[in-house]
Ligand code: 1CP
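To begin, one chain is listed below as structure tokens, in the form predicted on its own.
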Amino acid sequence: MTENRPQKTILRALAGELQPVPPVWMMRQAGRYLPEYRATRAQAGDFLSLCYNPELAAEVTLQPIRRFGFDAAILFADILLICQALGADLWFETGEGPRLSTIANAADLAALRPAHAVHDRLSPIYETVRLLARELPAETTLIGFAGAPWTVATYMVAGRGTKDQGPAHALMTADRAAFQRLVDLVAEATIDYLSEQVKAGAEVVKLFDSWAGSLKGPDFTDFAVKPVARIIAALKARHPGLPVIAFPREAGQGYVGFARATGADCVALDNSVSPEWAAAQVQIDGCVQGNLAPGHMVTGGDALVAETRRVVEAFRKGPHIFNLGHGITPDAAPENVTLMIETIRRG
């Protein structure tokens, strides 16, 4: 191993290194399936208060590292905090999820704050990153993150998550120029937001495009590829060598060539594509992350072991970070997480 090669397993995978045992972490690994998370969230009072309390947000980020020894910790926050920082109203309905004031037209868009004005609201998030950079074990990689512009924009237009992102598609059709301005604003704010996370100590950043799968043809290029490429190029110009993971969930064939088109160092894969297909079509361009179905964290047993081994085997010929194909669900059993990790690390 050369002196300049990164030592942490996640960073080695992101640098393109093939490792005999893939590093592992899970999306939403700090979450409601853990009793210690539920206790800390109750202490915070509500979800947003937890996000904006650096000490408690750092605590829930550290909890799965203490329990499971994951190779990476991902900052505990929410992709919609940037909407609030841009001037949208944001709240969470118990049992129903996030709610936002809506962007219905160019006038609503004009009322938002400029991209450079997000930092006052988001400063507690940067403090959480600083705390984590000090408190994480030396071998654990710290991942910062943000939502990709398309996904964030869909929430800002609809005011909530929707099944088909219909309101965003409707605004895109009715006034594509205005929708493009919204995406551009989110992209600019995201560059600054992630850059501050890196300055605070994040070693890797990830862009979550949860609703990329609803974009087809030129729309996928315009709103899933180009904004992400813009963000990655800007971040790498500010922070040379920064690794970036991109997750265009349910992109299907759009996964092919996504790393080349965006400059991402790693493409995260959902579990609607097989690991064998992804190894042949996506991993040829570099590191991939994924893609065990989250349901195995609920059901466990022999199927969990078999599918974990299948994912590891499919991706064994290239750089790979083991993860789920989406976030772990609240009904998951912690002992199944332990079983998954033991299966990966023992072979």
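Each residue number is its position in the shown sequence, starting from 1. Every value quoted in this text rests on a predicted model; they were computed, and no experiment measured them.
Quick note: we don't show the form predicted in complex with this ligand, though the next part is all about it.
Within 4.5 Å of this ligand in the predicted complex, a heavy atom is found for every one of Met27, Arg32 and Ser210. Proximity to this ligand in the predicted complex, taken as a non-hydrogen atom within 4.5 angstroms, holds for one residue of Gly252, Pro98, Gly257, Gly87, which is Pro98. For the candidate set Arg310, Arg316, Arg41, Arg67, a heavy atom within 4.5 Å of this ligand in the predicted complex is found for exactly one residue, namely Arg41. Although the partner is absent from this view, Gly161 contacts this ligand in the predicted complex, with a non-hydrogen atom inside 4.5 angstroms. For Phe145, a non-hydrogen atom is located within 4.5 Å of this ligand in the predicted complex, even though that partner is not displayed. Among residues of the shown chain, Tyr37 is one whose heavy atoms approach this ligand to within 4.5 Å in the predicted complex. Contact check for Met156: every heavy atom lies farther than 4.5 Å from this ligand in the predicted complex.
With this ligand left out of view, the stretch that reaches within 4.5 Å of it through heavy atoms in the predicted complex is, among 70-78, 233-241, 271-279, 109-117, 70-78.
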